[in-house]
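Just the one chain here, laid out as structure tokens, in the form predicted alone.
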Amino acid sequence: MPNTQPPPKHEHETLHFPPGFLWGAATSAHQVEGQNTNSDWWEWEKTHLPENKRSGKVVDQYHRFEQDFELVTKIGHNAHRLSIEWSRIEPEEGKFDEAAIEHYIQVLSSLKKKGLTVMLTLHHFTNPLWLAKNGGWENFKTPFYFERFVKTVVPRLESYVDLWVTINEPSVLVWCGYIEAKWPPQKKNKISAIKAMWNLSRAHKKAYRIIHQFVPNAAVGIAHNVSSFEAFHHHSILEDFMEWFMDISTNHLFYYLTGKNTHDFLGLNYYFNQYINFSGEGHFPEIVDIETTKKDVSDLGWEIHPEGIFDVIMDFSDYHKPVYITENGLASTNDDRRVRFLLSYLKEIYHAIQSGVQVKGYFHWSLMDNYEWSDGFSPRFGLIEVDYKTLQRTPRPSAYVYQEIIENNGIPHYLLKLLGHSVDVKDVLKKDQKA
């Protein structure tokens, strides 16, 4: 009788990513530079946070950037995402600090000399203190102030930048500043939130136009926080409607406000999966507290859900734009968890690429442990561990796993054993097999 058993489906080949794929990590200026004294965040920290949760000197990258970029190259990255600090460059309204601009030229030049592709963010949450005192993003004039800033820095920096991010996570800035009100300006007001979102969208459009005036072939986008949503009951029309509404109002609203023609690529920051449930109590479905499900979470309580990054990439494929994962990472003091996180999320990105989406790069959050806004220093996101007393930098094992992936431009099968592949079930169960 012929052998009709089908061949095994389990493949042992490397999961290859496209040629030229960008592999890197991300930082933001306020979170790594230190002594950002002219910003609204620095001022807010002094009155709203205990001293041990204030940014202070952070990891002092303002002075140690060469050391950090040497580490970037040693662990194999071919790209890096970072931001410049508006409040350093324009510490007083209309007065630009030439020394600060020259500093950022040195920073970006260092990256280019090391052969790294540079993704530069122009606004990453923080504002000049003078701007905050003038109403911040509620002020109708703020997009014009931002336009003036962009006009000043782009011609000075354009030769060192490959990819431009105008604004990091505008929806998070609005949510945390004006809805949840746990960040500056800490103003819980829906009208203010609407004004801020509208002005952020105007600022992006102005910045997009300015960058293209100076650099006609520039690649410009935003880094947008996106979430995946799942209904508990897929036969529930109310839950399905809420899933659609949450996706539109959070993931896609900023693109609707700005128009797809002001985005040359989609920068996606992915951290959150949300479940939706209609219990019958009340009139509308609700977001489920992750504590209810007892799902695996990070040290910050964010669900670890690798399938979600596949879902959001496929959702955004409708825009027919190149995609970069501009942030994705895990807050954990257990680096073994970070290794599993990295492999499982990159596998899902691989599957999205195989499904036809033009994903062109991945930037892990974060390069190193840093200041995590109102959460202070306790969340550990870094591929590189930082001793905050000595500021010594030490690459974690996850950094070297990532290096193996980069060197292979893909996930070699032997690394999948770190997810449980090639583990003998009998050895795990430790059962007596003699019976």
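Heads up: residue numbers just count along the shown sequence, starting at 1. Remember, it's a predicted structure, so these values are computed and weren't measured experimentally.
One more form of this protein, predicted in complex with a small molecule, exists but is not displayed; see below.
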is_contact(residue 31, the small molecule) in the model of the complex, heavy atom dist at most 4.5 Å:
yes
Exercise for review: Look up in the model of the complex whether residue 345 has a non-hydrogen atom within 4.5 angstroms of the small molecule, and give yes or no.
Suggested key: no
Self-check item: Interface membership of residue 275, the small molecule in the model of the complex, 4.5 Å heavy atom rule
Solution: no
Taking heavy atoms and a 4.5 Å cut-off, does residue 316 contact the small molecule in the model of the complex?
no
With a 4.5 Å heavy atom cut-off to the small molecule in the model of the complex, the contacting stretch among 233-241, 266-274, 149-157, 280-288 is 266-274
Interface check vs the small molecule in the model of the complex: of 85, 327, 311, 138, the one with a heavy atom inside 4.5 Å is 327
Students should find that, of 341, 145, 125, 362, the residue having a non-hydrogen atom no more than 4.5 angstroms from the small molecule in the model of the complex is 125
